[in-house]
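Okay, so here's just one chain, in structure tokens, the form predicted on its own.
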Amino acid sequence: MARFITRRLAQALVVLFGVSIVVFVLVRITGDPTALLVSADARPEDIERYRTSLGLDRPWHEQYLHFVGHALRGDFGNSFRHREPAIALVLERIPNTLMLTGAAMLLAYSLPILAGLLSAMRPNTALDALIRGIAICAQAAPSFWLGLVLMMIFSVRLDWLPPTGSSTLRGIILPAITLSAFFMATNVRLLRSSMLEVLSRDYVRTARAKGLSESLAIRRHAFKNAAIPLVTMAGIQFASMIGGAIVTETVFAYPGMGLLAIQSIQSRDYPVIQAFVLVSAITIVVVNLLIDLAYVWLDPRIGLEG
């Protein structure tokens, strides 16, 4: 176990190093932020002086070494826009984003289990066709469009839920549904196909032949093996939700990291963008490590050798 975790942590360090290079380069090729930060009537020498104070006049390799050296100590610099430590701004928003992502993950893995099992246990029936049809529609709907539709129906027409997102229960419902809709549909179809395959295996037929009820055969023998693809997808889907939260948080004005990232990109706030990307990368790496460990619980045959 210790060897497995050490190997995964070494891989994580390589990933984070690569992410730091990519985000550093990408934010700088978008343009110089100085023009957005000074007044419109600023003189050229004032602009250049301000660039120097931000360290943007130095060569890129010097800027990168300075960025990495301070980032290793948890210092991502001060936000150009807010004049506050960038990491503090990101960490202030991360609980809201994790709350939204957690609620979306809960929806994406609770409802699909019931729907996927019903669909697999009654294949080629009207119920199966209905579930698959809803799943296909949910996969086809863009998240920003779905968010606006939900807002129009449940906030404007019915006045059941607030139109803007927040960390309260009522304020997180619409953003969580919007963020999770695509993944719920994906998981329904994935679990259905996986269950159909597992239910045709010899060990499930043997369990039935021994007199085990259908519900016990599914719970003891079929479901854990059918759920392995879902666990495999969990890490990928969590990473996608962190990225998708940017769109959802913008649509609902939800006070999370995604909305902060959009505002920072618009103002070319390098320190905040870099802090956001690296904090997101660290979160995703940790979640993927936990999911790797969950494989062994679901199927000990997988082992920790991979």
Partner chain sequence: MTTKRIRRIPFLSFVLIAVLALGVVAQSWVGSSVEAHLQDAETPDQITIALASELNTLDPAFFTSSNEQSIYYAVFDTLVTRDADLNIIPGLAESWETIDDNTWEFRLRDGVTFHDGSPMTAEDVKFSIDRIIGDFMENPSQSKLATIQEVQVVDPLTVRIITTSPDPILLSRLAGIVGWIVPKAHIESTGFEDFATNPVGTGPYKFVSWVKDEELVLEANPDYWNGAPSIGRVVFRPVPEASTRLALLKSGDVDVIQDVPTDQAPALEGDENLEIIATPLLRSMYFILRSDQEGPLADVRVRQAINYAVDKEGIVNELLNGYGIVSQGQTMGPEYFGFADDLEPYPYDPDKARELLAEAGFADGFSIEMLTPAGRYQADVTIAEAVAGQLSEIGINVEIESVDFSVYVTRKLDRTIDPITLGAWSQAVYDADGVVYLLFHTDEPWGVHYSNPRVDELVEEARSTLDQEQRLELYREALEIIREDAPVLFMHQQTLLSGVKTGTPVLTMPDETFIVYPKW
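Bear in mind the structure is a predicted one, so any value in this text is a computation, not a measurement. Superpose the two forms; the largest set of C-alphas matching within 1.5 Å is the rigid core. Residue numbers count along the first chain shown, from 1.
Beyond what is shown, the protein has a form predicted in complex with its partner chain; the following relates to that form.
Considering its partner chain in the model of the complex, the lone stretch of 100-108, 114-122, 68-76, 153-161 in range is 153-161 [heavy atom distance within 4.5 Å]. In the model of the complex, its partner chain stays beyond 4.5 Å of every heavy atom belonging to Gln63. Contact check for Ala176: every heavy atom lies farther than 4.5 Å from its partner chain in the model of the complex.
Contact annotation: Asp32 falls within 4.5 Å of its partner chain in the model of the complex, judged by heavy atom distances. Within this chain, Lys210 is remote from the site of its partner chain in the model of the complex, having no heavy atom within 4.5 Å. Out of the listed residues Ile131, Ala222, Ile172, Leu89, Leu89 is the one that sits within 4.5 Å of its partner chain in the model of the complex by at least one heavy atom. Superposition on the rigid core between the shown form and the other one places the CA atom of Asp46 2 Å or more away from its counterpart.
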